[in-house]
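Next up: a single chain in structure tokens, the form predicted on its own.
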Amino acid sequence: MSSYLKLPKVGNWAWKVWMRNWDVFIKTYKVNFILPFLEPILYLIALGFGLGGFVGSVEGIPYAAFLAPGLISISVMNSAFFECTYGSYVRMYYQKIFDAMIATPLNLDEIIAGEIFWGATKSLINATFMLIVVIAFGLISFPISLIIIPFSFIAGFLFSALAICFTAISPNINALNYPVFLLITPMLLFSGTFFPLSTLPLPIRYASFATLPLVHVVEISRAIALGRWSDLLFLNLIWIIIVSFLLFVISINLMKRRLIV
């Protein structure tokens, strides 16, 4: 177990990996920018205003305003997780990009760290687009809601590191479906995104708080978006920081073990 907690050696070269992925991203900007912009519009119309017409208000606010921070959090999770699972696996196994980069002054720690930083950046980009949409609909407080943008990078870092852990242990790309169905989908449903966690039985609420990263991201995003601050938000942030650091270290060591063997 101690081998998985060995601190990585990450230098400035990790940003070269980030820059490589950014350059590829920009070359396909039409797909990468249009879809994140349209997605929140569709969700808000279908769920926020469509379903919200039947639900009415939740915790004293319109359902669309309650839902909007949850949608941003889901986008943060999905963009980072899928980028660092399927995206990283393709770059590692099929495109052999990791093999090419290791022939440069980059070390394995920097390559993997660069992938995680890039996944966090994808979360920031998607969260920014979604934030623009929900602000345009007048659903969240402005300008305080802009704090969600830097926070989305922190949250994206958490999900990117988590994703790399699964990428490192998956025998093939199809095996990545397991964490999607067994972890991402439950988080999507039971993290307070579509309904308050207070409606769930107490044991499930405690279990969600202790084990599901998205719960903490949603709580902080909703507090920022609606201007509702509480002392518990500090615990949410501490949870994210501690788990992010642990997953970052573990993910790099797991991936190194896979690539070296």
Partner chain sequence: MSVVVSAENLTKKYGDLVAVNGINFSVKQGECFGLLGPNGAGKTTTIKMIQCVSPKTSGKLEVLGMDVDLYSKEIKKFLGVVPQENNLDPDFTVYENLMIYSRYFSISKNKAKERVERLLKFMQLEEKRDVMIERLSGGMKRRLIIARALLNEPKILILDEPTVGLDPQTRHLIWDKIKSLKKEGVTIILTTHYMEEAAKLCDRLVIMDYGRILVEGKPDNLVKERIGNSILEVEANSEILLCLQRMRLEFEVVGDMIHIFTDRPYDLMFTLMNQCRLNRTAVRSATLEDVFLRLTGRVLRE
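If you're wondering where the values come from, they're calculated on a predicted model, not measured in any experiment. Numbering follows the first chain given and starts at 1.
Missing here is the form predicted together with the partner chain; even so, the following discussion is about that form.
For this session: Given the partner chain in the predicted complex, answer whether the residues Glu59, Asp231 and Leu237 all have a heavy atom inside 4.5 Å of it.
Result: No.
Exercise. In the predicted complex, does Ile147 have a heavy atom within 4.5 Å of the partner chain?
Worked result: Because no heavy atom of Ile147 falls inside 4.5 Å of the partner chain in the predicted complex, the answer is no.
For this session: Consider Glu83 of the chain shown here, and say whether it contacts the partner chain in the predicted complex, taking contact as heavy atoms within 4.5 Å.
Result: It does not: once the partner chain is placed as it appears in the predicted complex, Glu83 has no heavy atom within 4.5 Å of it.
For this session: Decide whether Lys30 counts as a contact residue for the partner chain in the predicted complex under a heavy atom distance cut-off of 4.5 Å.
Result: No - in the predicted complex, heavy atoms of Lys30 and the partner chain never come within 4.5 Å of each other.
Exercise. Taking heavy atoms only, is Asn107 within 4.5 angstroms of the partner chain in the predicted complex?
Worked result: It does: once the partner chain is placed as it appears in the predicted complex, Asn107 has a heavy atom within 4.5 Å of it.
Exercise. Which one, Cys165, Ile125, Val133, Met101, lies within 4.5 Å of the partner chain in the predicted complex by heavy atoms?
Worked result: None of the others qualify; the residue that does is Met101.
For this session: Report the stretch among 201 to 209, 214 to 222, 43 to 51, 22 to 30 that approaches the partner chain in the predicted complex to within 4.5 Å, counting heavy atoms only.
Result: Contact-bearing stretch, as computed: 22 to 30.
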